[in-house]
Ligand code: CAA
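Just the one chain here, laid out as structure tokens, in the form predicted alone.
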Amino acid sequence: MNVGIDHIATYVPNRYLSLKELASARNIDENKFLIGIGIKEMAVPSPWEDIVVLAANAGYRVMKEAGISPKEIGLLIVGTESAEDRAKPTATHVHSLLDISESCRVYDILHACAGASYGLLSAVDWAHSPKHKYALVIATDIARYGVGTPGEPTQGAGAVAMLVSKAPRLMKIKELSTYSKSTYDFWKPMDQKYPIVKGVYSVQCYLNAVKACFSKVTINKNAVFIYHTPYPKLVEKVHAEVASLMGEADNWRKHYADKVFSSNIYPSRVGNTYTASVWLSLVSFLETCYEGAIIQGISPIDAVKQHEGIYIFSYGSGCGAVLMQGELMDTWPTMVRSFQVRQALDDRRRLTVEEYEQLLETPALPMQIDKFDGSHFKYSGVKNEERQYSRISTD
């Protein structure tokens, strides 16, 4: 049975900050951001744009583009580490906004940045049942570290929605290996506004996990390698380790350029999206491959034949990791044609550093909202201790 991802859709806030300008404002050498971490731009959500709104927009797009009715969704899983409630799932808000059937199973998965990946594998298992049709898995997060903090340039926001089915038009997917160990490399205490990060230790935990997962398989060096990408520079370091495992230690930079680089293009323009980052990396590779083939005047199906499958490595602090394998279907170009993520990134509004700082302090008051930049949903504050969401016009 070819269970896998039928379609993927992405939603990123329509505003961004140039890290070159942020570096100037913070009196830091711009190369520390642009080269040192590999991020050029970071997505900045509006006050009415929380993780529910990000997720609902991505979910809306994936169903509309795939031609699937909300009533056909039998399982909805949201992976996030940015939830606003310790009991009520983020997925329940998304379920309501998307008008999905009440007979749908709905829940969140929390495991730092790996939550949505574990959700996807749960959905794949669920979809094997003859009575189950479509599952919707959404990765949604907003990474915040505070103005002037070391983590500020790695902020970001976005959501990626994946439709899972027994007859996927995009990609078959399966689990290859997994790794788990209790660590405190990155965590979010209940009484603190921002996460605690042990930077050097977290990188080592990531490297330990990636080596453990790839050591359990025979690595095909001709495949594409997609990694969880908190920042692109880390992925270079990680891939150097994987290249060493497959006998390419002396050639890892060329191998990275051929098999990894294109997946880091969109993350370098969005920043860290936690649970969504590995899936945004996959979207980056697929759309870049598709557009490159069109520009060269060759078939996307022929263009991708230089790669023998796709490795997808997801890591979540705390920690857990999973290595998956994807195989593109012959219909993948038809699905990727709908992505249009690069165009969305090009069309965003560039913020000044002052606007960015003011935006972080702006409350979500409906009377202050006059433009929604294509969003179909909005968050408008809290009433009687209940978060308020609604659909909006996008004329």
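Quick caveat, the model's predicted, so the values are computed rather than measured. Residue indices: 1-based, along the sequence shown.
Another form, the form predicted in complex with acetoacetyl-coenzyme A (CAA), is not on view; read the next lines as being about it.
Using a 4.5 Å cut-off to acetoacetyl-coenzyme A (CAA) in the predicted bound form, not one of 57, 142 and 276 places a heavy atom inside that distance. Comparing 202 to 210, 97 to 105, 131 to 139, 294 to 302 against acetoacetyl-coenzyme A (CAA) in the predicted bound form, the single stretch with non-hydrogen atoms within 4.5 angstroms of it is 202 to 210. With the partner omitted here, the residue from 311, 118, 261, 186 that has a non-hydrogen atom within 4.5 angstroms of acetoacetyl-coenzyme A (CAA) in the predicted bound form is 186. A heavy atom within 4.5 Å of acetoacetyl-coenzyme A (CAA) in the predicted bound form is found for exactly one of 32, 26, 337, 342: 32. Remark: residue 150 counts among the residues lining acetoacetyl-coenzyme A (CAA) in the predicted bound form, judged by a heavy atom distance of 4.5 Å or less.
Heavy atoms of residue 154 reach within 4.5 Å of acetoacetyl-coenzyme A (CAA) in the predicted bound form, making it an interface residue. In the predicted bound form, acetoacetyl-coenzyme A (CAA) sits within 4.5 Å of a heavy atom of residue 231. When acetoacetyl-coenzyme A (CAA) is considered in the predicted bound form, residue 197 lines it closely, a heavy atom lying within 4.5 Å.
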